[in-house]
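Quick heads-up: it's one chain on its own, the form predicted alone, in structure tokens.
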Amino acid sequence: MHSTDSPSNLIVTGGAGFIGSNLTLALQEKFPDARLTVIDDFRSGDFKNLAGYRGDLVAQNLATLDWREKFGDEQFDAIFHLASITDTTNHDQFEQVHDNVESFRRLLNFARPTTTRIIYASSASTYGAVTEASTESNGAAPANVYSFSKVIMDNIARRAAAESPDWIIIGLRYFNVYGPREAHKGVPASMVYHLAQQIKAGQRPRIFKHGEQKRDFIYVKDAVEGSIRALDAHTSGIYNLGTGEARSFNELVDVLNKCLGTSFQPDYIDNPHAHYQNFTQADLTNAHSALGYEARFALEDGVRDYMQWLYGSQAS
């Protein structure tokens, strides 16, 4: 596929999940003539996220899927691989590493003979505890087994790309994504969602003492835009997708209060997590040059758009 052509056949794994469903529906809108296939086992997805979807859906666990048997010699322009065990609180090391890594390995083995472009979800959590903006060349320091599984995926992606120079494999390190179609995740949903729900219920928003932890909050529409731009990238690589700005939880509460017309003070609680990322910020230099990516939604804009989607006209 040349960047001038529209893709005609695309797969999104994890397409019923949070980022995956937003991506799937955006692809459907951008390339109305393309054949779309979602693969999802609904462990962390929900059919309601795909309201209005017109494509195919294969319900399968990717850790055991025989791609060749399922798709034969069908040619795809690209495969977006967003499926993984996304519950970072699932500490079953075997399950996390096995399912996330083996799913990816099976996909790579299927795509290798045809050098089908792979665009997969890595994670900003691979950087671990940092105090300044993360660049892709920084070493990995995964604090939980979910992040560790993503590090192994990055390792095998780099190896595969190095062995086949004409095969483009792109990893995307999504930072702290929030936005429509995440509510089904429950506890792992974003802080933006949970704090908004608390405020709407008339409660003070609960954040860890003393609210100065900072996050690069990226609106899901920007995450999707960056992912679609990877269709046109000319070389393999792993890229950060964030806004490039770190904003504190205290600031987030202020932004939510403004959008919701409320004035709740934060309720500061102790942080029970031993391995907590107190700071995340994406260095976007590489994403900008390789993908032409820049975030369009600052925190204020993303939260306003999201509150409108969640609560309709009540959000100002």
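Predicted model, so just to flag it, every value in this text is computed and none were measured. When you see a residue number, it is the position in the sequence shown, counting from 1.
From this point on, the text means the form predicted together with a small molecule, which you will not see here.
- Residue Q60 is the only one of N286, Q60, T37, N257 with a heavy atom lying within 4.5 Å of the small molecule in the model of the complex.
- Residue heavy atoms within 4.5 Å of the small molecule in the model of the complex occur in exactly one stretch of 78 to 86, 193 to 201, 132 to 140, 160 to 168, and that stretch is 78 to 86.
- At a distance threshold of 4.5 angstroms between non-hydrogen atoms, Y219 is out of contact with the small molecule in the model of the complex.
- The closest heavy atom approach of K214 to the small molecule in the model of the complex falls outside 4.5 Å.
- Shown alone here, K150 lies within 4.5 Å of the small molecule in the model of the complex, counting heavy atoms only.
- Using a 4.5 angstroms threshold between heavy atoms, R106 stays clear of the small molecule in the model of the complex.
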